[in-house]
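Shown here is one chain on its own, the form predicted alone, set out as structure tokens.
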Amino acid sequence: MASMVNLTIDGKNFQAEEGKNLMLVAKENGIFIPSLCYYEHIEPPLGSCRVCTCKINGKYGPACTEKVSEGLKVEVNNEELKDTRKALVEMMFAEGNHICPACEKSGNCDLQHMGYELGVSSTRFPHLFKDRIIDYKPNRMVMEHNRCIKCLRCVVEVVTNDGKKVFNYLNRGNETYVGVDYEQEAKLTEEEAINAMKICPTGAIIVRGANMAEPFGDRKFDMESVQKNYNEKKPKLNRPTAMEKKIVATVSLAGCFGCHMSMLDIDTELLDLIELISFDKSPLTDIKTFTNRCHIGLVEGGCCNSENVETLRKFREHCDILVALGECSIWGGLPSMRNSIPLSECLEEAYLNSVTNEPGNNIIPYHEDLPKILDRVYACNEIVKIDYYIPGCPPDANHIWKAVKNLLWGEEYSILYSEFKYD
């Protein structure tokens, strides 16, 4: 029988079997330590993602590689550690092209789930927009290197019946990537291939013809828990008197107008809302120019041309609080898919190599009145100061108006997973 030892986690005393993994001990005692690479049955633990970083006996290290011992002192949930984990997840989003609305794994993605758990509404790091090769050569799978976070799960877990590895690390340092052994991959059964797709914490491994998509509400992480107000503590406007209305402005830049459509999805509650606010410059009112200074501005879409930049700067000038609404405004979203390709190639593909109803009229349009296309799609916070972020593609209507009322009048609120979405 294993001997019992005493340890403390966040100042509370616990007993556990000596040598037991710290992740398991924490879980058994109702303490959540986030992780993307940890599996109970993998020994030694992978320790690759570092999302489970804790302060262990005064030193920072991954909880998944720690065995409990007598007198162990662990800090899990201080503010510095929370920010460290959040930064790690933000870097994973920024380093890869994780475009949730276009991903097969959305709703069943562990990285996405960690974003929800840690309240990631935007990333403090610039997106790299790497143009990594998508490997279509495997017999049954597609390897999407833009989504791989190099967690090692597939390298360790996916093997053939004769013990041969299907996935392996190739190259070194920053050039490391997960390669596929095509000969061994062809030996996998359909069930084994699908299991490899499920093992992956992101949408990097996709099995041809295997659909993981499920309706909203039925997906793995949709209703797991409640996401509290994730906004940082910043000054908010005072609650108005009974006669005072707040003025709101909205705009759609390089986006699809889906965020504006989502705003209207509160349906009849909009009638209650207009008792509290009035819209100034907005597509919803068709007011083209600012007629008042606005308490809050909601910006949908990123900046892909000079007109977008000019419009955004005017919004910053005329709004007390500026909110980036939706994935396109926060980091570029779907339009940013062109960021990994030179602008000249995009224009050639769209205008010179495309089919036209006027034969021989394949030209790239240019006129002094046309807005100048930028070298890439820019997030709004790369152009002006953004005060708050509401993620989603589009954000849920309830999420939008709960956040707006919180910013305008300090109303407390919480967000369900079904409302807090990157897709």
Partner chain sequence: MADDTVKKFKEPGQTQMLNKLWELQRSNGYIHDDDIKQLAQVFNLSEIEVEGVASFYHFFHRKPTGKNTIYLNNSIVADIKGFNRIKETLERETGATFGSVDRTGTFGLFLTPCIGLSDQEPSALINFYPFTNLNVIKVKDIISKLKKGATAESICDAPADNIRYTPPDNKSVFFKKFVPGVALAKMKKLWPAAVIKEIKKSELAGRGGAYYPTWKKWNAARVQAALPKFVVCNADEGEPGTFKDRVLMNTQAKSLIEGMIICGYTIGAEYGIIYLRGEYWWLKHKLDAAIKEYRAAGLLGKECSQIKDFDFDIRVQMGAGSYVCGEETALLESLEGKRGEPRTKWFFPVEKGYLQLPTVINNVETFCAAARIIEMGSAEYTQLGIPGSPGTKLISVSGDCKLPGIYEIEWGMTVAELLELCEADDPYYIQVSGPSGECISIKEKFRRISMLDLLARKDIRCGGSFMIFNKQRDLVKVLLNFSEFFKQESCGICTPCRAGNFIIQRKLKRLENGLANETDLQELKSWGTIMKNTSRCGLGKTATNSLIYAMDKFHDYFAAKLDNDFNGLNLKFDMEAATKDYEKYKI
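This one's a predicted model, so the numbers in the text were calculated from it and none came from an experiment. Just so we're on the same page, rigid core means the largest C-alpha set that superposes within 1.5 Å between forms. Numbering follows the first chain given and starts at 1.
Quick note: we don't show the form predicted together with the partner chain, though the next part is all about it.
Although the partner chain is omitted here, in the predicted complex none of G209, D396 and Y417 has a heavy atom within 4.5 Å of it. Taking the partner from the other structure, the partner chain in the predicted complex has no heavy atom within 4.5 Å of any heavy atom of Y388. In the predicted complex, the partner chain lies farther than 4.5 Å from every heavy atom of I296. Taking the partner from elsewhere, E358 is found to have every heavy atom lying beyond 4.5 Å of the partner chain in the predicted complex. Although the partner is absent here, G71 sits far enough away that none of its heavy atoms falls within 4.5 Å of the partner chain in the predicted complex.
Picking from 251 to 259, 284 to 292, 91 to 99, 268 to 276 the stretch near the partner chain in the predicted complex, with a 4.5 Å limit on heavy atoms, gives 91 to 99. Contact with the partner chain in the predicted complex, judged by any heavy atom within 4.5 Å, is made by just one of K82, K130, K245, K198: K130. Of the listed positions (T189, S340, S306, N77), a single one reaches within 4.5 angstroms of the partner chain by any non-hydrogen atom in the predicted complex, namely S306.
Residues are counted as partner-facing when one of their heavy atoms sits within 4.5 Å of the partner chain in the predicted complex; in 153 to 180 these are K164, K165, V166, F167, N168, Y169, L170, N171, R172, G173, N174, T176, G179, V180, in sequence order. Comparing the forms between this form and the one not shown on their rigid core, the Cα displacement of G173 reaches 2 Å or more.
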